[in-house]
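Here you get one chain, nothing else, as structure tokens; it is the form predicted on its own.
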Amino acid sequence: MILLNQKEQDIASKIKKLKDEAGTHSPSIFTIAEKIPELNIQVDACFLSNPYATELFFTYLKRDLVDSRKMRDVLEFYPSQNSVIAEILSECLNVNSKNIFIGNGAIEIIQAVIHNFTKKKIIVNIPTFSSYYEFVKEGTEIIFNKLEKDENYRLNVQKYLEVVKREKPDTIVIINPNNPDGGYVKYTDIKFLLANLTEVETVIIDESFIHFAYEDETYEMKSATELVKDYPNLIVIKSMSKDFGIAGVRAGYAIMDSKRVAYLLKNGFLWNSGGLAEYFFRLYVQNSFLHEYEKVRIQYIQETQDFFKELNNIPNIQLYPGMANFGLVELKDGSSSTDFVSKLLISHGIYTRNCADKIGLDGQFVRIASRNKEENALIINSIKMCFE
């Protein structure tokens, strides 16, 4: 069992203070480094992103903006309005631009959708990303559908359908793959649910981690975006920070009924993207960039699955298999998740996500993100050393 000495306990109390101040989210690595300078942080395995995609993006940004001296234009002049950026994305996503809503990160879209389209009752699967129930307006009933531990926290589609039929919500949320467990709902099951839940006014499917999921050896991702044409109650939300490693750019989009997009544009979201976000979206639709990105996407998926295999072989922990770029790990030796996260960060410089505040988890859990091959090896060795 992991125990902390007095010096480690003192630093751990500082880490806990920062976590408490951050609420149900983790403090950024910049905040921790600034507030606790005695820490030597080597790997951020709390942040969920593809580091190879970050390197690819920066290569293009350096060529297009830095070396060409066009960065000033991006920073000095106003970016385009929401609808203009939607038109840029339209052909690439194979969706009418009037169905595309651009957000200052997915978090802004989540808040906009919940505040404007959720009315009386919402069903949220737990454990999950907390903003989906934290952003609910006062007076709205929240129904938690608990994912079962003995089912590896996977969504049981038939049981879920029965819950929705019984509760009769106006809004439901499915994160696919789910955070923090990586549970994936297959495309055929998504179509089945949509076909049987046409009476639900708003069906939110968050695909922020969909680029890491696959159903066969081709590694092809299956997005629900095209289904918006058939189901006007569907809203598909997509963060770009996870798969492209650009959280600092704040870029996301949603696909929804055109009337909903028009409503949001008239109510405060006309001009909500920054210049770097617009640059990214214009880059995102270029065939050359997408071709190179597809290579690093598949490389990262393969290395992540190898990382999971090594994690699963470490004694004293249980890894819950998933289709995202992170693993939900349960500590089985009596160690607390708080002590484990603190020990790993203080002694080895590995920052992971303490899941003690995640409602719906029964036990001591941490979430560990996959990084590049070298950093993953460091994470594995550090965890082993913690238990030794």
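A residue's number is simply how far along the shown sequence it sits, counting from 1. Everything numeric in this text was worked out from a predicted model, so none of it was measured.
In what follows, reference is made to the form predicted together with a further copy of the same chain, a form of this protein that is not presented.
- Scanning T140, S80, N156, Q318 against a further copy of the same chain in the model of the complex with a 4.5 Å heavy atom cut-off leaves one residue, S80.
- Though a further copy of the same chain is absent from this view, in the model of the complex it lies within 4.5 Å of a heavy atom of just one residue from Q286, Q111, N196, Q299, which is Q111.
- For a residue to qualify, one of its non-hydrogen atoms must sit within 4.5 Å of a further copy of the same chain in the model of the complex; all three of S26, E87 and F135 qualify.
- Look at 103-111, 310-318, 215-223, 140-148: in the model of the complex, residues with non-hydrogen atoms within 4.5 angstroms of a further copy of the same chain sit in 103-111.
- Contact between C92 and a further copy of the same chain in the model of the complex is not found at the 4.5 Å heavy atom cutoff.
- The closest non-hydrogen atom of N178 lies beyond 4.5 Å of a further copy of the same chain in the model of the complex.
- A residue is said to contact a partner when one of its heavy atoms sits within 4.5 Å of a partner heavy atom; I190 fails this definition for a further copy of the same chain in the model of the complex, lying far away.
- Shown alone here, T304 lies farther than 4.5 Å from a further copy of the same chain in the model of the complex, counting heavy atoms only.
- Residues of 236-258 placing a heavy atom within 4.5 Å of a further copy of the same chain in the model of the complex, in sequence order: S241, K242, G245, I246, A247, G248, V249, R250.
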